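The form predicted on its own is given below as one chain in structure tokens.
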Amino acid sequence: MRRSFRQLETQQHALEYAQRLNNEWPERAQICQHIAQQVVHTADHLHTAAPHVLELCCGPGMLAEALLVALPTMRYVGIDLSPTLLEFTRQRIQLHDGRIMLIQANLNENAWLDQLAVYDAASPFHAIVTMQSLHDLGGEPEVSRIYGLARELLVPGGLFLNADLVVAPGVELPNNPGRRSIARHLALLEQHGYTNSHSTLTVAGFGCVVGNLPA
């Protein structure tokens, strides 16, 4: 049975889901390494030895693992709607337990912001990242909302990075309106006041777009 992330009930389901994602999009491993290097570069630019990183929709933890390996002193927070995937991720990155916090929340609601405040209100993030996820939140308004909220959570000069499935300019997918073009993503970043917005990678239907909070 082909299950969506909303239908996962067991750890075996989560494993099958993770395997299916990687089989359908083998480029995910390359994208994870690319994102990790972008965060490493940001940490170096901000002169921080212990970057604080937030991942939106951490799913089965593939990116979390890549980040924690690449940045051995980082502090990681992952948010996901699925408690099954969060438990799968917790087990996957348990060797880094002292540096992680996982939060179950719906990004289309505001409770996750309150949960972050309770977790560590005085410590904004050096980087906020997400991979193959924001298109599932709905349409462009939902994606744009996340861009705006993320801006308020970053340190000056901090990085926002979205690596997601994209469409060609002018293409609309009625059944998946959250998939936008790279040009549209960059326009949204600029509308929300990010600087240096650009695409860092395009591969196999994915586009990676980044922007920085003004220093």
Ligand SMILES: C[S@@+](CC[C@H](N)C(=O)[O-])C[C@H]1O[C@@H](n2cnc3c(N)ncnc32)[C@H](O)[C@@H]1O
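Here the structure is a predicted model, which means the values were calculated and not measured. Residue numbers run from 1 along the displayed sequence.
Another form exists, predicted together with the named molecule; not displayed. Remarks below refer to it.
When the named molecule is considered in the predicted bound form, only one residue from L21, A204, L15, L201 comes within 4.5 Å through any heavy atom, namely L21. Only one of the listed residues (M74, V77, M131, A127) places a non-hydrogen atom within 4.5 angstroms of the named molecule in the predicted bound form, and that residue is M131. Shown alone here, C57 lies within 4.5 Å of the named molecule in the predicted bound form, counting heavy atoms only. By the criterion of a heavy atom within 4.5 Å, R28 is counted among the residues contacting the named molecule in the predicted bound form. Residue contact with the named molecule in the predicted bound form: E140 places no heavy atom within 4.5 Å of it. The shortest heavy atom separation between Q115 and the named molecule in the predicted bound form exceeds 4.5 Å.
Within 4.5 Å of the named molecule in the predicted bound form, a heavy atom is found for not a single one of E65, Q91 and I100. Shown here without the named molecule, the chain has A105, N106, L107, N108 in 104-118 lying with a heavy atom within 4.5 Å of that partner in the predicted bound form.
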